[in-house]
Structure formats: C-alpha cells, structure tokens
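Two forms, one chain: they're shown below as structure tokens, one block per form, named structure 1 and structure 2.
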Structure 1
Amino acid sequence: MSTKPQNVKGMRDLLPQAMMLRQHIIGTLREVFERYGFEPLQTPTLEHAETLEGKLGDEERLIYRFEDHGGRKLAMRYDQTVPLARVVAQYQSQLQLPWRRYAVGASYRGERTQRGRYREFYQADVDIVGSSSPIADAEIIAVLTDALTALGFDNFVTLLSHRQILGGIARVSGLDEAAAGGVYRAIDKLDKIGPDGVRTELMNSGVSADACDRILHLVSLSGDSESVLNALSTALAGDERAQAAIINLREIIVAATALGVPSNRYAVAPRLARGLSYYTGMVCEAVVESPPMGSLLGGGRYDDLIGLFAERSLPTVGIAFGLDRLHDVMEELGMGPRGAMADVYVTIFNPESMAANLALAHQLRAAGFKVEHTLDASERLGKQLKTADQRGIAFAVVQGPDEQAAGEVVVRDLKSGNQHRFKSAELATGLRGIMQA
C-alpha cells in the first residue's frame, strides 16, 4: 500500500478551473432541458446487482460488483438508463406518462482507460418515457441540438439512423441474424478504417463479395437526408421492417425540422450501429470534426427495456451527454468561461484603511458582485494588483487616503489599465456600468 496520495485509476479530481467549466456545462444543459419541461431525477450510485444483470449483454463484465457488510450483492451504476427503468416500474402509480426526465450523475465501468474514456464518468441523460410517437424522437433531437448550440458548439453533426435500416441491409444481403452482430460492428467502423478495411472485415466474417459491394454501397450513402433515405428505400424495397424504419425516420425529421433543428446539424448515416443491445428504433450520436473525441452524446429509442421491470410495454427514447467529453473538447477549443470566480478584487491600501476598504467589499457583495480581497492588510498594493490579475479577475478597487478624504473610490480595469473614479456610494452602479461596457 503506497502512502503517496493518488486517485483511483480512471477517476479524476476536478480542480476549480475544471469544476467551474463542469458547472457551466451542467447549468447550460439544465436550462435547455427545463425549457422543454424535463424534470430532474436522482437515483443512488449503488443498485442491487440483479437490477443491472441481464440488460447489457456481454458488457456486464465491466460492472463494478461487490458485497456489502450485510452480504447484499450490489453493483455500481453502469448507466442512468437502467436505473430509470427501475424507477419507472417502482413508482408507476405516481408518474404521469409521457414523462420527461433528466438526470445528471456519475456512472462506473471497469474499462481500460483512454482519452475521453474513464472509469468514473458523468452523464446528463434526457429521456421521454411512455411515448412511441416520432414527435418524441424529434423532441430529443431538438433538445440535443439546442443544448450543444447553447454550449457554443458550431461544428457538430448529429448522425441519425434506425436499427431496422441496418437490419434491412443485412437481410437483403442474405445474412442471417446470428452473423449480423459482427457485420454491424464492421460497418460502424467505416469512418475509421475506410471502405477497404470494412470489406476485409466483412469478407473475414464470411460475407460474399457480392453482398459486400451492396452493403458498402448502402452504408456509404451521403448527401442530404431525403436523397439518402430515398436511395435506401429503393435498395431495401423488399424489406417491410426497413421500409417502416425509413418512414419513421422521415416523420422524425419532419417534426425535428418544425422544432427548429437546422438541416446542417443532422445527417442520416446508415452505418451508425451503436453497441448497446437494448435499442429498438431510431439511434443517434453527435460528433465534432475536431478535436478527435468519439461521440459527445449518444442514444436512441429503446421500447422494451422498461417493460422488463414494469409489467407493461413502455416505449422510451433518450440520450446521454458525455460530460467529460464535452468538457475535454471545450477545454481544447477554448470554449466556456475563463478566469476566476470573482468579478472584482478589493485592495487594502494600508493597515489604516483596512476597515474602510473591507466595507467596500461588503458593499459590493450586498449589491450582488462576487468579491475577493487580500487577507494581509500590509501587503503591497502592487502585489495585490498582480495577484488579482494572475487570478484572472478583471477589476480591482483601490481606495487610499486621498480617495477616502474625497469620498471617492477608484476602479482599475486590469486588462487595459484604465481607471475610473466614482463617489463611494455609487461604486456598485459605476462598476456595473463598466462591466457591461
């Protein structure tokens, strides 16, 4: 056991600069979610192990599992979707459907860590429980588009597809359902390994050369969503489930457009597979061109999961924002707030003026400003100004004997060096004016 302080692998401390960005992200997302009427939900970090088992396919080996002191078999939350299903089943009589809920919290997966991939990671989930309408899918697309835009992203695209489109491609290519899993995974890598790479993988899983060509042609379709959907519709003419999926995507896009989603913010991408086994309908994920960072969010429609807990079918659609990834990308792109928490730094001119200067700090806080000041009444003024500037605080307040005698106070803009004089009583008003300028 090492005595050296260290955090657990894959789990991070968020120091103030990082935490301020995190809170900015969460605050922005909440504001958007609530604009659509989504209501907050919190569930515990720990669940009964059996609640999580049997829902996630072969990824269950990543679940953190242990026994508590009473011998209960417990597991750490793996995502926020299964807990949602549990809550819906448990409180059915108290919930009015359809129910829009959001949840912000950490989930845990025992994965090998990598950039943008942590063992403790934070997600903000939004889901609409109890509606199979394409309008619900569209609302999710609208929420995520609004949210990423509100955060300042101007380079993202939401990739859209449908489980039954990929299914249809597999069926018309003559693949049986059992072989399809590997085929989906190969197709999903198109962007990463290119058409030739996908072809190699498909051939290795026993797909005929002829089928490879048809699959590659279909999943490589690009262009505006209507022409992609038309091409898919023609190619999958014999497959009823795929046709239904295409109609469903069209309805979703019509509604999303009406809800204000611009056409350059989404793209129909037949290659999109998504691993989580519980998706049944529309699937989506949002990506940015740079920096390289997987998907910023992902999700889709899962109509059967909640039914595993509740005794009735509860169609649900939702997504999860990856807060750590949003954070890492925004940091690299220089997005979000910078600098210190405080708006203004009040200096103490000398020990004799300490009381008068601290009273200014009090006055500003009462007026709603975030105010910091030195704790050393004999600290040199120059040092205080340097400290304030280094901490990223934009303004400093100075009041020495001359100003005090005149009943005035000086506000210094630490970026430009410009100074403004105000009557002491008008400090808050004056500062507000400068800050808005």
Structure 2
Amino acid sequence: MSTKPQNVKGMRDLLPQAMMLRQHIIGTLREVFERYGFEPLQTPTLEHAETLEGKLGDEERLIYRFEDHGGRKLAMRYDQTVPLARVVAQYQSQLQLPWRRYAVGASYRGERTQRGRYREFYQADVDIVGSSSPIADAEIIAVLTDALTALGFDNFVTLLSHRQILGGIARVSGLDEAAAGGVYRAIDKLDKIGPDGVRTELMNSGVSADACDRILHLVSLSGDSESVLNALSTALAGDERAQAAIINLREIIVAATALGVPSNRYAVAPRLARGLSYYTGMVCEAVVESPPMGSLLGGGRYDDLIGLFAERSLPTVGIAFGLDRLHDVMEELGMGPRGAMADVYVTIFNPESMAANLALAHQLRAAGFKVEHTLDASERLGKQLKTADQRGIAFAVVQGPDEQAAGEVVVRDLKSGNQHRFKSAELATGLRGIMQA
C-alpha cells in the first residue's frame, strides 16, 4: 500500500476557494427554501441496511453496506429521500402535514467516478410530504427555478414528464406492465447512448421493431409544452392513466405559471424517465445548455415510498439539488464568489501600535466586517500589504503613531492604490461607504 497521502477515490477535498463556493451555494439554496417555508431536517449518515434495501430498484447495487462490531447490518445513506420516509414514519405524531422540509448533507454511492459524479456527494433536498395537490408539484418547480436563478444561472430549463406518460407509451406500443419497467430503464439512457443505443437495448429485451419505432417517436416529441401535451393526448388516446397524467401536468404548469415560473424555464419532455423506481407521478430534471453536465438536479412525485414505512399512504413530491454538479458547473463558468474570505486587512504598524491596531480589527468585526490581520507585530508594513493583496483582500487599514495621535485611520484600496482618511470612530461607516461605491 502506498504511503503517499491521498484521499479515497471518488471522494474529494475542498480547499478554501472551493469551499467558499460550496458555502455560497448552500447559503443561497437555504435562503430560497426558507422563503417558501421549508423547515430544516438532518438525518444520520448511517441507516440500518434494511431501511435502504428494496427501495431503489437497479440502483440498490450501489449501496455501501457493512457490518459493525456488534454484527449489525448497516448502510451508508444513498440519498436523503429514503431517510425522510423513515423519519416521517418514526415521528408521525410530531409532524404536522403537509410538511415542507429541506435537508443538506452527504450521501454515498459505489459507482464509477466521472465528471460530476462522485462516491461521496452532497445534496440539498426539498420535499412536501402529505399533499397530492398539483400545487405542491408546482411549488417544487417554483423553488427550483428561484434557486437556480438566485445562484446566477440564466441558461437552464426544467424538463417535465410523468411516470404514467412513459407507462402509457409502453402500453399503447403493445407492452405489458412488466415490460414497461425495461422501457423506463432504456429511455433513461437516451441522452447517453442515443436513439440507436436505446433501440438496441429495447430489442434485446424482446421489444419488437415496430414497438421500438413508436416508443422512440413519442419520447422524442419536442416543442412548446402545450403542443407536446396535445400530441401525447392524441397518441395515447384510450389509455386512462396516461390521459390523467397529461391533465395532471397541465394543472402543474398552470399553478407553476401563477407562482412566477416563466414559460422559457420549463419544457415537457416525454423522454425523461428518472432511474429510481419509487417515482409515481410528475418527474423533473433541470439541465444547462453549457457546459454539458447532464442534469443539475432532479426529482418528482413518489406517493408510495413513505407508505412502505408508515403503513399508510402519504403522497410526497420533492427534488434533490446535486451540490457537486452545481459546484463544478459554477466553477467552470466562473460563477459565485471570488477572492478572499476577509473584507479588509488590518495592519500592525509596529510593535508599539499593536494594541491600538488590534482594537481596530475588533471594532470592524463588531460592525459585521470579515477581518484578517498579521500575527507578527514586527512584520514590515510593506510585507503585510503584499500579503493582503496576494490573498485577494481589497482594502487594508493602516494606523501609525501620527494617525493615532490625530484620532484617524487610513484605508488603502489595494487595487487602485487610492487612500481614504477617516476618524477612528467612523472607520466602519467610512469603510462601508467606499466598499459600496
């Protein structure tokens, strides 16, 4: 085994600049979630293995499982949805439904590491538990839209579909319910393997050439949402579940529009499948046009999952923001905060000035500024200013014996070189003024 320090493959370290972007993302999402009344929840990283098993379909093979010292079979959290279902079942008497909740944390999947996909990854989930109303689905779409807009994205589209639309496409193509699951799995790979790859996978599972043609034609429908829904309504005539799904999507779109979601921010996309087997209704994914990254986030309605734990039906809809994908895209596009954590660097003019200069740092922190200063009172002033500039700090505070005697302080703009002189008691007000100018 190599003695060279290294992290586990698929799990990455976030150094300060990357971590500042991560915290910016989480802070922005949290502000949007709470604006809609969502309440925070935290669950453990470890669950009993049986809690996760049997809930994820084909994805179950990716669960990290192990036995602890007591022989208990445990698993690392695969996502935050199944733990939510456990929490609702476990604390039913303490929760008032419908319940809006959000959670931010790490999950773990033993999958092949690639760009945008890691074995340890962070998600921010929002869910509404206990409502089957299309208004709940629409609110989730509105939260998604507001959150990505607040982060600075201007080129995203949320793809919308419904599990019963794909089911209807399978049924009108002559497939039974058992075969429909294979259609979900194949169509979910459309963006990765293309129509020919999907055709091959469907035919290898026993789907006829004519049925493949019909399925691929219908899932490839595109255009404005109303046109796509009209085309689906005609093609799926006679399939009651598919027709109900189309009506449901129309109701969701009406409510989302009333909640302020612009028409250019969503599109009905019959090809959208979502791989997890627990989805039962509307499904959604937000994608950016550039850089190519796949979906930034996704989710949908899952009305049966919580019932597996709670022994009663509890309709639920939600989405999960992939923080690692958001981070990678924003980093590539140069979005988010840049520069230093500190707003200002307070210098120590000389050892004799240390107490007075450190008092200025305290004064600014008490006023809400982020402040850094030297830890060596004998360090040359020029070196301190150079350090502040190298860290990307925009302003430096200097107060030597002359300024102390006059009750003044100098603020230097390290980018322009301009200097501003303020009374010591007015430092915070003056600094805030030039920062906002």
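Note that the coordinates shown come from a computational prediction; the quantities given were computed from them, not determined experimentally. Here, residue number means position along structure 1's sequence, counting from 1. Take the two forms, find the largest set of C-alpha atoms that superpose within 1.5 Å, and that set is the rigid core.
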{"property": "Label of the structure corresponding to the form predicted in complex with the RNA", "result": "1"}
{"property": "Displaced residue check between structures 1 and 2: residue 34, CA, 2 Å or over, core reference", "result": "no"}
{"property": "Did residue 402 shift 2 Å or more between structures 1 and 2, C-alpha, core superposed", "result": "yes"}
{"property": "Core-superposed C-alpha of residue 213 shifting 2 Å or more between structures 1 and 2", "result": "yes"}
{"property": "Displacement in Å of the C-alpha of residue 195 between structures 1 and 2, rigid core kept as reference", "result": "4.3"}
